[in-house]
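Only one chain is included here, represented as structure tokens and corresponding to the form predicted alone.
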């Protein structure tokens, strides 16, 4: 575990946070590599992210949310449309990184040395506590420009009824191979 990861360990309070492989430098050899990504391959992640109250509550508090519909479960039970605390739209980022744990698909997102020149997230429907979120991912393009590896991917977060909750189109610049990743991971 890196010193930076250890420094923030006390902030990991939910079951998912404590089980999350959050040290991107300890497992970088297990990530998918740019050179292994297949364009046009559509994959559904084998895991499902169950949105639990503790996940949402901890996230909402961490981003500084103060409205009681977001941070007070008792208030939300009496005043929210579904009787649960509200999920902040940017919580989708948390879900996305949860799915990106190695060695399964999409782990290339957490590659040391990755840079994010572009992304667009569209929210279709609100995510709620109790939703079972699946991830469907398709790589649209993979190319080299100025000696750097680029990949453009489409992510679709879908609920238990297969309704799309959010879609993300993003491009990452990645090291081209394991040797280039190692240069970032061991610097």
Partner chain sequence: MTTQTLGRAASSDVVMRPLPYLDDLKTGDELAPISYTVTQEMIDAYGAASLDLNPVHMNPAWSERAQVFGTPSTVQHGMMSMSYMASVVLRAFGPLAEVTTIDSKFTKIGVIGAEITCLGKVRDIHPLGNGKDFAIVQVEAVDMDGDVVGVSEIHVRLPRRAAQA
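What we label the rigid core is the largest C-alpha set whose atoms superpose within 1.5 Å from one form to the other. Residue numbers count along the first chain shown, from 1. What you see is a predicted model; the values in this text were computed from it and never measured.
Another form, the form predicted together with its partner chain, is not on view; read the next lines as being about it.
### Query
Looking at 67, 29, 132, 140, which is the one with a non-hydrogen atom within 4.5 Å of its partner chain in the predicted bound form?
Only one listed residue qualifies here, and that residue is 67.
### Task
Decide whether residue 17 counts as a contact residue for its partner chain in the predicted bound form under a heavy atom distance cut-off of 4.5 Å.
Yes, residue 17 sits close enough to its partner chain in the predicted bound form that at least one of its heavy atoms falls within 4.5 Å.
### Query
Would residue 12 sit within 4.5 Å of its partner chain in the predicted bound form, counting heavy atoms only?
Answer yes; at least one heavy atom of residue 12 falls within 4.5 Å of its partner chain in the predicted bound form.
### Query
Does residue 117 reach its partner chain in the predicted bound form if we count a contact as any heavy atom within 4.5 Å?
Yes, residue 117 is a contact residue.
### Task
May I ask you to check whether residue 73 falls inside a 4.5 Å heavy atom distance of its partner chain in the predicted bound form?
Answer no; every heavy atom of residue 73 is more than 4.5 Å from its partner chain in the predicted bound form.
#### Entry: Members of 158-187 lying within 4.5 angstroms of its partner chain, judged by heavy atom, in the predicted bound form
Contacts from 158-187: 184, 185, 187.
### C-alpha of residue 160 off by 2 Å or more between the shown form and the other one on rigid core
Moves: no, less than 2 Å.
### Message
After core superposition, I'd like to know whether residue 171 moves between the shown form and the other one (criterion: C-alpha shift of 2 angstroms or more).
### Response
Yes, the C-alpha moves 2 Å or more.
### Message
Please determine whether the C-alpha atom of residue 88 is displaced by 2 Å or more between the shown form and the other one following superposition on the rigid core.
### Response
Residue 88: C-alpha displaced by less than 2 Å between the shown form and the other one.
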